[in-house]
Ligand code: GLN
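Below, in structure tokens: the form predicted alone, a single chain.
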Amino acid sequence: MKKFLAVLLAVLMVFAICSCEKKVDEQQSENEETENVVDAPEENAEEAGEEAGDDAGEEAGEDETPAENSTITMATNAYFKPYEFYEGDKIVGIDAEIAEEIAKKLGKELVIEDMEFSTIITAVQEGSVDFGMAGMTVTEERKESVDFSSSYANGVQSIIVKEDSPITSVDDLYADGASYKVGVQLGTTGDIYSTDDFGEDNVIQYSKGNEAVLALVGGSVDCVIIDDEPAKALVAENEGLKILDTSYADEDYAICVAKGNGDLLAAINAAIDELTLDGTIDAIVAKYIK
């Protein structure tokens, strides 16, 4: 009987050991399956991350090469008839039309920004605009700040006075003891030249040419020095004024660009040459100056 019980106990122990080993094997199998399930998303995530990275890289690559700018911006002062002035909300005139033709030659759309004349060169220097065009005369002082294109027009600095003015010629301004008050537009060559010739105390600066003329009408200044064509327009708009027969200075108009911007300067010069040769510039000038 004892022998039988010993055998039975041994059989039960073997059965228990086999059952435990089976459970351990099953648990290990389940764990391996779980690890495989967990690993799969990580692999997918890595693949997704690589794809996303590739897509982002492609998009970033596209952004690193922006489309070529399709516009070109001109700074002007739109109170300088007939070179630039307003018709309704649009800036028109000799400079505006020539600039439009230049922009076409460069394959660009022209954008015109109106600002005070005295700020144009600064805007060009800082790069907020591409070029300045406002009946601007080439001077040695300005050439220190910007580069100039070929000349596209000639200008004359004229003197506006009242019809009964004692000033009858430019020589009267230089006469001994003369202390006439001269009105000018700030930053123009009329301002630069007359300040050198007559002194700061005798030169009154205005932000716009028509403001200087209104000062003349009101008696605040004795004469106004300004470019001849704008002078004609201003005299026509204000009774009791005239332009002296003798001019104050002769000069050339050109376009200014930032120093070192040789590619743009060369392109503008090439356009001016073509527009001069085919008669476009002469036709534009003749449209406004009879």
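A residue's number is simply how far along the shown sequence it sits, counting from 1. Quick caveat, the model's predicted, so the values are computed rather than measured.
What comes next is about the form predicted in complex with the named molecule, which is not displayed.
K.L.:
Even though the named molecule is not shown here, does it sit in the predicted bound form so that Ser149, Asn269 and Thr276 each have a heavy atom within 4.5 Å?
P.N.:
Checking in the predicted bound form: none of Ser149, Asn269 and Thr276 is within 4.5 Å of the named molecule.
K.L.:
Of the options Thr119, Asn210, Ser165, Thr137, which one has a non-hydrogen atom that comes within 4.5 Å of the named molecule in the predicted bound form?
P.N.:
In short, Thr137.
K.L.:
Although the named molecule is absent from this view, report whether Phe131 comes within 4.5 Å of it in the predicted bound form, heavy atoms only.
P.N.:
Contact check for Phe131: no, nothing within 4.5 Å of the named molecule in the predicted bound form.
K.L.:
Does the 4.5 Å heavy atom contact test between Thr73 and the named molecule in the predicted bound form come out positive?
P.N.:
No, Thr73 is distant from the partner.
K.L.:
Does Tyr248 reach the named molecule in the predicted bound form, with heavy atoms at most 4.5 Å apart?
P.N.:
No, Tyr248 stays farther than 4.5 Å from the named molecule in the predicted bound form.
K.L.:
So, in the predicted bound form, is Lys108 in contact with the named molecule at a 4.5 angstroms heavy atom limit?
P.N.:
No, Lys108 sits far enough from the named molecule in the predicted bound form that none of its heavy atoms falls within 4.5 Å.
K.L.:
Looking at 180-188, 167-175, 211-219, 194-202, which lies within 4.5 angstroms of the named molecule in the predicted bound form, counting heavy atoms?
P.N.:
Flagged stretch: 180-188.
K.L.:
Can you name the residues of 227-253 that have a heavy atom within 4.5 Å of the named molecule in the predicted bound form?
P.N.:
The stretch 227-253, when checked against the named molecule in the predicted bound form, contributes Asp227, Glu251, Tyr253 at the 4.5 Å heavy-atom cut-off.
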